[in-house]
Ligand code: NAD
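In structure tokens, the next block holds one chain alone, the form predicted alone.
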Amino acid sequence: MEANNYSKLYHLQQQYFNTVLKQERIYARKERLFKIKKWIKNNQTLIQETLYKDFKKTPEEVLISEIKPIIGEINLALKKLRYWSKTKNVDTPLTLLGTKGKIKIEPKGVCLVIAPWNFPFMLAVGPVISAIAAGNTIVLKPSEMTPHTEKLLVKLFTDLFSKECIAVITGGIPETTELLKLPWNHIFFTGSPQVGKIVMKQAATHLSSVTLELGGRNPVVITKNANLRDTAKKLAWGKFFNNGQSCVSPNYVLIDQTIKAKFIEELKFEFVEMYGNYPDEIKENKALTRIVNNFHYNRLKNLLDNSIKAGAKVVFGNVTDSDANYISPTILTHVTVDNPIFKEEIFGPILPLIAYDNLDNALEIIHKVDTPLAFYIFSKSKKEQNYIINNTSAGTTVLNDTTLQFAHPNLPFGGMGSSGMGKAHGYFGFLEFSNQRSILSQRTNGTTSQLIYPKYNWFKRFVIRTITWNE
């Protein structure tokens, strides 16, 4: 589709929104959601096969990370949508006695969703679910880096909806650049902080509201009060799920020096239990997704090589195959804050361990990094947990586990600062695509607010002083 046709599509959706969607009832939104749910159920095998073609994602991981979250989002919206959309009355302060206030939840309008490649189905369809629930039209721009899933998303939405309601635009950077020139009522972007800045800058041209779901150099803190076997099991799964290509993946581990050696042994044991013992066995394990393409393979390979040159030591892993875009899960020790592996979001199967002498030392390291999207704390001590939480900031935090916060339908998901802006999932995603419109009703004649109108006399001055300080 040419750039001038993007503008035509935008205005087509704008007209459809104004003439159809703004007048429709809630059940029409629920019907659209139910259509998507039914399509996914009928095409589950196709979705699994498609994700495998793009980067060998296993059928089990597709079910867990690509399909289940979407079905959960739809089910929650179907159950709660009428309540979410209900106009809500608010309390009236004494100074506005006689008025009535309420909040009307209304759709924003024509929305753009820009999806990433790492969970190419779920992170494309998820925001669309929220936008549909809120009553908007949507243009979806999937990632070109997963071309098979891109075609699948085109099929899904063209099978079910007209382009006036939901349209899918394929292509790469040129197409996204042209789309961002349009005056969207809301933009939902998932991707890197670098591209997020570009999206926000373009959105500012039209004062479009944005939700930015960005990455994060997510820390893990393991204290001497942690259950090491349990921690190792959960960390191995959370880090190497989707082969580390996740915005909530642990990026680096801060571990108490006194338990470091014991924890490494536990981590080795749990890794062998999950993925195998020998390099060929690990490589052939179908539970390990591949790096999405050769560009990202080379980025990770160079990062790993440079980190080792800078002094990092390989505990296990560091087996690579350029032709297969394969990097085996790799654990590094002897890592400092000056090592290249610490200075960027890894987004791959490499996990550096950094030892600390005391908890304050660990927090000092965390404070040197931008606010993370996810923060993982492993400790059985409530005192330690609270101390760490109260002295740090993060978009999301998990105690004694990893990754699961993304799947919780009643928790807001999103970052802060460089890790994101706005929230997603469930009610919070619904609100991102909604305008919370304030409505105040005033009676006619003899209202209390007229007591503060000019001309001022001693009585009106008394009223003003009273309501200013003694409300």
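In this text, residue numbers run from 1 along the sequence as written. Given the structure is predicted, the values throughout are model-derived calculations rather than measurements.
Unshown form predicted together with this ligand; subsequent notes refer to it.
Only one of 67-75, 135-143, 327-335, 348-356 lies within 4.5 Å of this ligand in the model of the complex by heavy atoms, and it is 135-143. Proximity to this ligand in the model of the complex holds for none of Pro250, Phe378 and Thr397, with the criterion being a heavy atom within 4.5 Å.
Only one of the listed residues (Pro116, Pro219, Gly238, Pro107) places a non-hydrogen atom within 4.5 angstroms of this ligand in the model of the complex, and that residue is Pro116.
Thr176 is the sole member of Thr320, Ser85, Gln385, Thr176 with a non-hydrogen atom lying within 4.5 angstroms of this ligand in the model of the complex. Using a 4.5 Å cutoff between non-hydrogen atoms, Gly215 counts as a contact of this ligand in the model of the complex.
When contacts are judged by a 4.5 Å heavy atom cut-off, Cys111 does not count as touching this ligand in the model of the complex. With a 4.5 Å cutoff on heavy atoms, Pro193 counts as touching this ligand in the model of the complex. Contact between Ala124 and this ligand in the model of the complex is not found at the 4.5 Å heavy atom cutoff. Along 362-376, a single residue, Leu373, places a heavy atom within 4.5 Å of this ligand in the model of the complex.
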